[in-house]
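One chain is shown next in structure tokens, namely the form predicted on its own.
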């Protein structure tokens, strides 16, 4: 378990340094949590999960860190839900997102639309494709 935590923080440190971001303890913890959570967390979820481990952590620090990580291209902000922004550390692969409006979880969907970055669409050069799908996930459907 301790080795997993150390590896996670080391990977987060590498990502921060390669993005030109000073790897402070709080930044390492925030990015490490996001990279390992696999839940596309909101700022509040990050804060609530890390607060017991970092009693001095503030919401302002979480928001400032998230803004910096988005600005440097480390995270993708997801605005699927009108209530909050969620964050995805998977910036390197083409994938879409599915938002379950019952449980409010976000799932990565590997099937990408026919139009991908670098192609032209009606004369426009596509640089980025973000597709959000919404509905009911398979777990919630099985409960109905």
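The structure presented is a predicted model; accordingly, all values stated were derived computationally and were not measured. Definition used throughout: the rigid core is the maximal C-alpha set that superposes within 1.5 Å between two forms. Residue numbers count along the first chain shown, from 1.
Unshown form predicted together with another copy of the chain; subsequent notes refer to it.
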Proximity of residue 109 to another copy of the chain in the model of the complex, heavy atoms at 4.5 Å
yes
Should residue 60 be counted as a contact of another copy of the chain in the model of the complex, where contact means heavy atoms within 4.5 Å?
no
So in the model of the complex, is another copy of the chain close enough to residue 100 to count as touching (4.5 Å, heavy atoms)?
yes
Quick one: does residue 128 come within 4.5 Å of another copy of the chain in the model of the complex, counting heavy atoms only?
yes
Work out which of 48, 79, 64, 90 lies within 4.5 Å of another copy of the chain in the model of the complex, going by heavy atoms.
79
Hey, which residues along 55 to 73 are within 4.5 angstroms of another copy of the chain in the model of the complex, non-hydrogen atoms only?
none
With both forms fitted on the core, check whether the Cα of residue 134 differs by 2 Å or more between this form and the one not shown.
yes
Aligned on the rigid core, do the two forms place the Cα of residue 17 2 Å or more apart, comparing between this form and the one not shown?
no
Taking the shown form as reference, are the C-alpha positions of residue 130 and residue 63 brought closer or pushed farther apart in the model of the complex, with a change of 3 Å or more?
farther
Look at the CA atoms of residue 128 and residue 72: state whether they lie closer or farther apart in the model of the complex than in this form, given a difference of 3 Å or more.
farther
